[in-house]
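First, one chain by itself in structure tokens, the form predicted on its own.
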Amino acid sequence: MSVLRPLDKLPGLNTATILLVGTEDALLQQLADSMLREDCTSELRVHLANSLPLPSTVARPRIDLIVFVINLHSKHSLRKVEESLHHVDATFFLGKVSFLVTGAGRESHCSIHRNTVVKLAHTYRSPLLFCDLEIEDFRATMAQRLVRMLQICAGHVPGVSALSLLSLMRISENPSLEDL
């Protein structure tokens, strides 16, 4: 099995690459399109995948940020993300992985409890973002946020690293008993 490592490829000059992993193809494509419309000083590359591992026969650039997209209305979505996490090297979890949860607005239709994804993000010590990707304004705002995170993870923002971004995002969370 192929494990995705953050430093297995050389970085491209002034390029930043994000990998969106999830089963909701249409939502991922809409999010990718919104990200590509954002004004950015770097050349953005957005790759989509239903699951990991990625095919080893395809030439791909270095991945700067992985975003696992989970739809609360689909247990299949959560299962695919959990299976994909086994194909990511541990060093990616030092600020270069994030979880994006969609579908939380209609809680009566959810087949996955919100605490399940909160525990998953906590287990992997990765940021957890909530956004209803079906609403254009919310999707555009999330695209802006992801582009900024991607620029930081790619090293294009002086003085801020992926690890420092991770620690800043964790400060806003409520501390758990084990962290106190």
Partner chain sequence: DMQAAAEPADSGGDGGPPQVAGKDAARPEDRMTLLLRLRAQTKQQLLEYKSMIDANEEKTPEQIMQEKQIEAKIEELENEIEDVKIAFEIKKLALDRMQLSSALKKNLEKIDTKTSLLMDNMKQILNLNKLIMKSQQDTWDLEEKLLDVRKKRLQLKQASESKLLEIQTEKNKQKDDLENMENSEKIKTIQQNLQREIQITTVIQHMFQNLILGSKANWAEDSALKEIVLQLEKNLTTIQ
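Quick caveat, the model's predicted, so the values are computed rather than measured. Positions refer to the first chain, counted from 1.
Keep in mind that the form predicted together with the partner chain is not shown, yet the notes after this line are about it.
Just one of Leu44, Cys131, Ala121, Leu27 comes within 4.5 Å of the partner chain in the predicted complex, counting any heavy atom, and that one is Leu44. None of the heavy atoms of Ala143 is located within 4.5 Å of the partner chain in the predicted complex. Looking at Ile152, you'd find a heavy atom of it within 4.5 angstroms of the partner chain in the predicted complex. Using a 4.5 Å cutoff between non-hydrogen atoms, Cys40 counts as a contact of the partner chain in the predicted complex. The closest heavy atom approach of Leu36 to the partner chain in the predicted complex falls within 4.5 Å. Here the marked residues Leu13, Leu54 and Arg125 all reach the partner chain in the predicted complex, each with a heavy atom within 4.5 angstroms. Interface residues of 78-104, taken as those with a heavy atom within 4.5 Å of the partner chain in the predicted complex (partner not displayed): Thr91, Lys96, in sequence order.
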